[in-house]
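We begin with a single chain expressed as structure tokens, specifically the form predicted alone.
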Amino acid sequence: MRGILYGVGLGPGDPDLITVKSSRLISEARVIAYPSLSGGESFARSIAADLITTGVEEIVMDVPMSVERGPAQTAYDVGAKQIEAALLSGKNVVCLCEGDPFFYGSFMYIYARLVKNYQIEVVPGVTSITACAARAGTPLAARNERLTVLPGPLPAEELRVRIEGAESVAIMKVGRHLKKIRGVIGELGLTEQAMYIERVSLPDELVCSLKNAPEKAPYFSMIILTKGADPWL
């Protein structure tokens, strides 16, 4: 019999935000898989560390941080092969993914490689967007309002057009693009309505207005923008 692959969402970083189902699967796992930055530690594993039992087989997918897609895709190819070998031997595999597996989650790349031939269960997790909104005290949408999610690496002109036509906006992957994004929001006269959040739910979390944000931002940072005062009232 083939094993089952579980893709479990871990939430944005605080272990207390791991769901009960994900906690159970991780604590019962005999094989776990997770991505790590090339040559560095795994953020996903650090979130779930207290749930991982001694003697668990660990499959580490060493994913390089590069704007080129090729190296990362190769890392997922290798990881999928290792997971496949465990599944073929009858072992269940729990794959860890920070945030939610299907919302900018690394697990989707493993899922795409294995879903045609293996049983896979995806366990959703708390997304960074909902965690950031909660910490910033900023509801994202009400009634018939629309929420627009934008990745920070988009060109400035595309960001401008999409923000202009949106009601509420969450800009993810801010990182090295903070200056560009801050400039676009400033040109639109929306700086006062924008909140900046970095490393949400972690001990070094920062929540402030965009105008008070630092000059440099880490990869795990976000800007939430709502047009108008108290739009949910």
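When you see a residue number, it is the position in the sequence shown, counting from 1. Owing to the predicted nature of the structure, the values given are computational and were not obtained by experimental measurement.
Keep in mind that the form predicted in complex with another copy of the chain is missing from the display, and what follows is about it.
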Exercise for review: Look up in the predicted complex whether residue 162 has a non-hydrogen atom within 4.5 angstroms of another copy of the chain, and give yes or no.
Suggested key: yes
Exercise for review: Tell me, yes or no, whether residue 16 is in contact with another copy of the chain in the predicted complex, where a contact means a heavy atom of each within 4.5 Å.
Suggested key: yes
Point to revise | Interface membership of residue 118, another copy of the chain in the predicted complex, 4.5 Å heavy atom rule | key: no
Review point. Taking 4.5 angstroms as the cut-off for heavy atoms, does residue 151 touch another copy of the chain in the predicted complex?
Key: yes
Practice item. Quick one: name the residues from 119-155 with any non-hydrogen atom within 4.5 angstroms of another copy of the chain in the predicted complex. Key: 122, 123, 124, 125, 126, 127, 130, 131, 133, 134, 137, 138, 139, 140, 141, 142, 143, 144, 145, 146, 147, 148, 149, 150, 151, 153, 154
